[in-house]
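One chain comes next, on its own, written out as structure tokens in the form predicted on its own.
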């Protein structure tokens, strides 16, 4: 009898946990890990579009864990060698024309990165969205044969962030489809959208991402990824200021 009661309680607990849905923070963590792997190397083109002009830059990027990112411009020639290094939440930029490495202060992390619609914070891809926010699973919906999780992220009161909240849409294969950035007055400021999803290195990846401000629909920045390799053995000195200034890869 007691055995049957225990089994019944166990089944009830499993049903309750399932009915409660997946953990919102864990979904975000899985999406981050999926995008970066244990380490990664990518080739991409960034297109900054304005109504009267357009600028393109080809870039290479490396990541290791969730604390280290290096992005380097390889074209056009006048920008080649420019780079951004992020380590443990600290960011540095290097500009060959002035031959200087500059540390980006925390007060400038919300500023535009290289004139694009992405901020320095967006490029750093750190775990602040997990560590400094509370997460709520708002909805689960079906789209193109996938389940899509809609998650609201509200920053802690003491979190050093500019947004009032962020809303993410993440597919059940951990592809980030959409990320909305709302200000403190609950006004939608900018949105990151996955325009295309494809297979790279055996996993689903958002191959075309567009960031745009809601008050300027004719202005946007796209990142088009053409190659990604995951879980590589990267050089130990890659994520250093010396490597940022003097590329060896």
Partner chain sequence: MRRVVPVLAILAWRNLWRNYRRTLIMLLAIGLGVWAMIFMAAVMRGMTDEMVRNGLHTLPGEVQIHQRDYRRDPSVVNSMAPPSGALLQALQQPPVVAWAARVRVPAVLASERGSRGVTLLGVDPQAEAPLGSLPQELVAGRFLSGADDRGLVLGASLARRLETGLGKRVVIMSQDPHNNVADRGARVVGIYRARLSGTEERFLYAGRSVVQDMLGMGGAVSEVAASAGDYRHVAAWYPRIAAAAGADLEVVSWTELDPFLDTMLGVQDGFSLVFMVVIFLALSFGLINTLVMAVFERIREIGLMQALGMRPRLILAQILLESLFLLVLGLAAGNLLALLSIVPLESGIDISGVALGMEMMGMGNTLYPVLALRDMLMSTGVVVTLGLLASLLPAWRAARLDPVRALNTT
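Residue numbers count along the first chain shown, from 1. Bear in mind that the values here come from a model prediction, so they are computed numbers and not experimental data.
Missing here is the form predicted together with the partner chain; even so, the following discussion is about that form.
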property	result
The partner chain in the predicted bound form reached by all of 72, 93 and 95, non-hydrogen atom within 4.5 Å	no
In the predicted bound form, the residue from 143, 78, 100, 103 that sits within 4.5 Å of the partner chain by heavy atoms	103
Partner-contacting position among 123, 162, 150, 128 - heavy atom within 4.5 Å of the partner chain in the predicted bound form	162
Contact flag, residue 216 vs the partner chain in the predicted bound form, heavy atom cut 4.5 Å	no
Residue 66, heavy atom within 4.5 angstroms of the partner chain in the predicted bound form	no
Heavy atom of residue 204 within 4.5 Å of the partner chain in the predicted bound form	no
4.5 Å heavy atom contact, residue 183 and the partner chain in the predicted bound form	yes
Heavy atom contact within 4.5 Å of the partner chain in the predicted bound form, the stretch among 220 to 228, 49 to 57, 183 to 191, 24 to 32	183 to 191
